[in-house]
Ligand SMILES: Cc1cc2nc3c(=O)[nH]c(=O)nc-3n(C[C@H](O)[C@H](O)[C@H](O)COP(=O)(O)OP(=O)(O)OC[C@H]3O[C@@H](n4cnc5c(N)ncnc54)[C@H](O)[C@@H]3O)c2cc1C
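Single chain ahead, by itself, as structure tokens, in the form predicted on its own.
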Amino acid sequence: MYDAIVVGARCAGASTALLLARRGHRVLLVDRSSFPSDVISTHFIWPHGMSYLNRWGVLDQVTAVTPTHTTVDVVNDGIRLTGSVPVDLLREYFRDLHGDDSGVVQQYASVRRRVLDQILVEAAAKAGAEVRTNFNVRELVTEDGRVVGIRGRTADGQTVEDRARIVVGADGRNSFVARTLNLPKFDERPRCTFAYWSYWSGFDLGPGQIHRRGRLACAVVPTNFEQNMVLVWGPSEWSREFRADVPGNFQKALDFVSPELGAVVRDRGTREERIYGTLDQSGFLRPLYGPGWVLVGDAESAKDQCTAIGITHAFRDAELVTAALDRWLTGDTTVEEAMTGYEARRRSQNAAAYHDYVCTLAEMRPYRHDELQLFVALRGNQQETDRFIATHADVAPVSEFFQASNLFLLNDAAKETSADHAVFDDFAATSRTYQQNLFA
């Protein structure tokens, strides 16, 4: 009998197994994949995600092979903002959510999953978790309406059954655990982005860049193996036309969103792998826990990639669920009280506001005139620029930055004029062109 069986050994699952094992619990971690291997991902880890890795003592392994930076460029319709997530807000985030602010770092990184997931799986094994890869979970074992274990097939074809006090579903947005339990989705947001990406060598642009123009966006972030991850995305309703010529439309999107960036990739870059893509990134929530089971990461809260928050939220969930399960497994509280506490932190008003923020951004509506004016105003205020980036990264509450009084103050204090930015020259005509499918 295990204390916990964790289904899914990537960011959410391996982290949860690592932390539970370190607290002395008997853990089985299973995954159908073998490691190292890649998976659909933005690879991006915001500073609070990197802070979790530092808290767990594995950050040095990641940064030894991965470039890191502290500033990021966010460019909307040519209006460039450069900033960092402030350290004081990072510390406040950890104190509010976890009760301590140890391990805070201001770095971010883009880490290939073949690198990151292997580090986490090896750390979980070193901590004492039993790791079983190439293992397909076929059934959840239930008794009296409660999940009590799993039944699955090993790489050599043997069917085995294992039991535990709790089964943790950490198996992603298409979670087998959630589907087997017939868990409903709610707060579904079908309007999302399509995304295509690959890896280029041959140039070094320094810190990461995120560009958006109209209904399209792109990002370039340095990653492992002296390469850059280059990503383009747009509204899902344009995906069919994009797919008609993926390489050609990939470059076309880059040239439209940022002609300078498009030229760098076209003229100086060498693509090292094929172009990968994903079309279904709709957002939804699922119930967090029930008799004998609990969900973490994308299995319980899936969101579009447009803010690249998935890995960071998986790490957050791992710490929260581990703290809750540890209180129950050690007899400090009942399972119901432990899970209620986990749910209270995961379903807070701030979490709901951020979920709504991501899903609204994923609709890829062109920015309004007043929204672009806000970006112009921010250029004259580094403190508020940093707080905007912290809001985008889910470190500062969305409701605080976008409250009306703060926006009025920003506008009143603007030190720059919108006259210097071409997008305002004939805004109505520009907005009309943005509604046209570039790939049709």
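Here the structure is a predicted model, which means the values were calculated and not measured. Throughout, we count residues from 1 along the sequence that is shown.
What comes next is about the form predicted in complex with the named molecule, which is not displayed.
- [ ] Please classify the binding site as open or blocked after superposing the named molecule from its position in the predicted bound form; blocked means at least 3 ligand atoms come within 2.4 Å of backbone or C-beta atoms of this form.
- [x] Site status: blocked.
(request) Identify whether the named molecule in the predicted bound form is within 4.5 Å of every residue in the set Gly172, Thr278 and Gln281, based on non-hydrogen atoms. (result) All of them do, each having a heavy atom within 4.5 Å of the partner.
Task: Interface stretch in the predicted bound form with the named molecule - options 257 to 265, 98 to 106, 141 to 149, 192 to 200, non-hydrogen atom within 4.5 Å - done: In short, 192 to 200.
**Prompt:** Taking heavy atoms and a 4.5 Å cut-off, does Asp394 contact the named molecule in the predicted bound form?
**Reply:** Looking in the predicted bound form, residue contacts with the named molecule do not include Asp394, since no heavy atom lies within 4.5 Å.
Is Ala17 near the named molecule? Define near as a heavy atom within 4.5 Å, in the predicted bound form. Contact with the named molecule, no.
### Proximity of Ile309 to the named molecule in the predicted bound form, heavy atoms at 4.5 Å
So Ile309 counts as contacting the named molecule.
- Tell me, yes or no, whether Val7 is in contact with the named molecule in the predicted bound form, where a contact means a heavy atom of each within 4.5 Å. The answer is yes: Val7 has a heavy atom within 4.5 Å of the named molecule.
Inset, instruction - Go through Thr70, Ser33, Gln382, Ser399 and name the one with a heavy atom inside 4.5 Å of the named molecule in the predicted bound form. - result: Spelling it out, the residue with a heavy atom inside the cut-off is Ser33.
Could you tell me which one of Val137, Val115, Leu89, Leu288 places a heavy atom within 4.5 Å of the named molecule in the predicted bound form? The residue in contact is Val137.
- Message: Need the contact residues for 239 to 266: heavy atom within 4.5 Å of the named molecule in the predicted bound form, sequence order, or none if there are none.
- Response: Heavy-atom contacts to the named molecule in the predicted bound form: nothing from 239 to 266.
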